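Below sits a lone chain in structure tokens, taken as the form predicted on its own.
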Amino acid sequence: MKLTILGGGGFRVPLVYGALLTDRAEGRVTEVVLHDLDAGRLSAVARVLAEQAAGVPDAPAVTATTDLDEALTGADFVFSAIRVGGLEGRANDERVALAQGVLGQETVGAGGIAYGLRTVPVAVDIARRVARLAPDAWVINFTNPAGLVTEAMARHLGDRVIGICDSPVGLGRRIARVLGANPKEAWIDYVGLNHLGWVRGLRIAGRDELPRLLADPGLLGSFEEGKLFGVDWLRSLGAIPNEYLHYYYFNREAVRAYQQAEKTRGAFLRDQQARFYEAVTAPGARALDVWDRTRAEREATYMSENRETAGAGERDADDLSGGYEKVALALMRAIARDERTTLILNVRNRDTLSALDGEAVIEVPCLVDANGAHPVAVAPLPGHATGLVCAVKAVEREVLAAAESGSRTTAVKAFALHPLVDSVNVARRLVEGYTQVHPGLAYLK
């Protein structure tokens, strides 16, 4: 089975390959094709993968190419993990937004809109190529903003594109762990959009254990989200929000922390990864060791500004292991082998959430089999969550409209309507600032 990874020179690709190396079952991936626009990054990542595969019998063969059509032709699965504009683009997203006093995070608020505006046209081109060159392939989208990009690709690929994120999985794992339960045996009642969802229940053997957690301040304050949001706020919500909702519930504090930080997250990763790619290609370098050290630092500093604001301290060691590659492998196995499973995924709504139309991509538990991912019916969200979900989905739709039409006016509307952008004038200045630093937004007229 052939797997093509778009963004194959990306830093996290070894996580995916490492997961593939653990799969020995029939019907496994035997061929991995890495595609990237940067041949140097491809070469560096290929070195890491070669060291991972050393001593592993029948490890999937790895090839690399900068030719997109070549990479896609004959693929059974396509992982889309591209970053349009690179980490320099992410750093610019943050810088321009913070200069206007609003959040520049890559998936939330102004930064997420800017990232979406330059990513959607590229993702749509990829979707059209997949439909032409590999019509039977399944596309698993890692590219952020994951829900928005998945919805853009679904307009051309239908249900054959599925978005994934490790945030809900990590959240469910932490809740189960603090309750003394096996995460693999828990049903997680999670619903929302990507990076905008809530756990409303966690059932073990049919019994919802979340009320027990909410009733125990010691337990509730003992894990990442309890430390980040505070016990009182979680009990007020009656649910456990995805960690990215910290940007909404504590927006002023988050913006202030980012403005005061020595470097924004994007600038930190840009510089860190520049050092990695230089070090890993040095003569005699142990590529896998360099990658491991860099990854450990990356994970330990994740959302550090938010945790500092909340006084949450350092991340627990168990939360430094990533997870999105495991979700991807489980999804691929379920489809390729009809190994039925349940995963939290980004898929078209159909009639799952009545507040949204059927084409809206949402993030909910899905039953997965050889025919793809099927969203599970969920109870309606409370009013405050419904309002937020509908507002952000409306913004996503304006981003899609702007990307399709090239309308600068529509792009301004997308920024202005976002709950974390508090002024039409700020929205206009954001569009002006982003078009000045991003060549990929030259299409906005």
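Nothing here was measured: the structure is a model prediction, and the numbers come from that model. So that there is no doubt, residue numbering starts at 1 and follows the sequence shown.
The form predicted together with 6-O-phosphono-alpha-D-glucopyranose exists for this protein as well; it is not shown, and the discussion that follows is about that form.
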{"item": "Contact stretch among 338 to 346, 215 to 223, 165 to 173, 69 to 77 - heavy atom within 4.5 Å of 6-O-phosphono-alpha-D-glucopyranose in the predicted bound form", "value": "165 to 173"}
{"item": "Partner contact for His195 in the predicted bound form: 6-O-phosphono-alpha-D-glucopyranose, 4.5 angstroms, heavy atom", "value": "yes"}
{"item": "Contact of Tyr244 with 6-O-phosphono-alpha-D-glucopyranose in the predicted bound form (heavy atom, 4.5 Å)", "value": "yes"}
{"item": "In the predicted bound form, Arg333 touching 6-O-phosphono-alpha-D-glucopyranose (heavy atom, 4.5 Å)", "value": "no"}
{"item": "4.5 Å heavy atom contact, Arg12 to 6-O-phosphono-alpha-D-glucopyranose in the predicted bound form", "value": "yes"}
{"item": "Contact residue in the predicted bound form, chosen from Arg270, Arg298, Arg129, Arg235 - any heavy atom within 4.5 Å of 6-O-phosphono-alpha-D-glucopyranose", "value": "Arg298"}
{"item": "Contacting member of Arg160, Arg200, Arg118, Arg90, with respect to 6-O-phosphono-alpha-D-glucopyranose in the predicted bound form [4.5 Å, heavy atom]", "value": "Arg90"}
{"item": "In the predicted bound form, residues of 126 to 145 near 6-O-phosphono-alpha-D-glucopyranose [heavy atom within 4.5 Å]", "value": "Asn144"}
